[in-house]
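Have a look below at one chain only, the form predicted on its own, in structure tokens format.
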Amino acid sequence: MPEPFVPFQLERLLSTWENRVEYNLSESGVHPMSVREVLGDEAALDAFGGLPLRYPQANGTPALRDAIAALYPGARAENVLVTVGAIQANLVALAALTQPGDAVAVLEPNYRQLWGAAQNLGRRVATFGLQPELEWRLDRDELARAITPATRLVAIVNPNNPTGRALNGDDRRAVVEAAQRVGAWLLADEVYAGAERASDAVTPTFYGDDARVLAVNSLSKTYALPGLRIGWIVGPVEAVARMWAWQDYATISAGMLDNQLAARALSPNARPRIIARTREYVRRGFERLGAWASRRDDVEIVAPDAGGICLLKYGRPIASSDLAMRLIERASTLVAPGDAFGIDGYLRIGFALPPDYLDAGLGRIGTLLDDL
């Protein structure tokens, strides 16, 4: 008998409700940019009006792959595969580099795409964790137990989703060395690098730390362009070619307009401006969230190192998925329940939003907690 299908609990909740509620605080990125903001001037906007919407180069236009490669020391365009979001990058890596029956080790808590997809594709999944009793730092004993000689892929998100915590230098080395010991691929999803709250330094990539490292990123989080659906994966040329072969069966390519706007967003003229905008949203939003939480005695927030998300621990005897549904039904407000990440008793709150909108959404959450 085949194993039961593992549904993607979080994505189904968000896709069902995110465009139907009055206040969406489930967003894990930053308040999105407009096309006009990305291009920066009317002349560039006019030029895009004449762009032929043909198929682009299937693995990403040369200009976009060059712009991506420039972000990774030692990388060239042939090390880059452009995908439809980071979610496709993760999936083609899993499909191309592992086989049914292989063991996969996944960091938890986590955006549970690879955790579920690996099970649905017949891989054996083990987990290792960031632990609250360690202030959401890596449990190295769990890491050692989870990665065995049978492990073919180790998957992490750094900075982490949903905690926003970034691995320190010692923990980074521990993960790399654990994968090296068994010859496993290390898949590092780095979509929150550049959205740092407490530092102006960009969280360093894992790319280059070992020959079997794959770095994944997208425009959806730090770059505030989720509607472009542009992601990428950077790795050894041979591995990238294998992943491209899998993409041929899925989406073929991202869109021409997406490729062109993405290359503009990652250009030396636009990228610093976009990252500055993102950090402004992240820092201002967290300050407002912290002020709201400080006025209550029934919530506690986990301060993120990066990203416009954080965990909120609440003091009510109700499952987080039930609390999230009550917020939808009674307050027309959407948040991400902690049990969708394997940690009940928490909500993931997105705060990189316009101030009035964020304040109103937090007010709805507070009112419901008071009612409970």
Ligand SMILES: Cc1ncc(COP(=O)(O)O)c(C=O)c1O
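Just so it is clear, the model here is predicted, and its values are computed rather than measured. Residues carry their position along the shown sequence, with the first being 1.
If you look for the form predicted together with this ligand, you will not find it shown, but the lines that follow are about it.
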Could you tell me if I87 has a non-hydrogen atom within 4.5 Å of this ligand in the model of the complex?
-> yes
Proximity of D359 to this ligand in the model of the complex, heavy atoms at 4.5 Å = no
Answer yes if any heavy atom of V175 is within 4.5 Å of a heavy atom of this ligand in the model of the complex; otherwise answer no.
-> no
Verify the contact flag for S218: yes if a non-hydrogen atom of it lies within 4.5 Å of a non-hydrogen atom of this ligand in the model of the complex, no if not.
-> yes
Stretch in contact in the model of the complex with this ligand, which is absent here, among 276 to 284, 123 to 131, 78 to 86, 238 to 246 (heavy atoms within 4.5 Å) | 78 to 86
None of A262, A93, V154, V191 but one has a heavy atom within 4.5 Å of this ligand in the model of the complex; the exception is V191
Could you tell me which one of Y207, Y111, W292, W185 places a heavy atom within 4.5 Å of this ligand in the model of the complex?
-> Y111
Check each residue of 16 to 32 against this ligand in the model of the complex and list those with a heavy atom within 4.5 Å, in sequence order.
-> S28
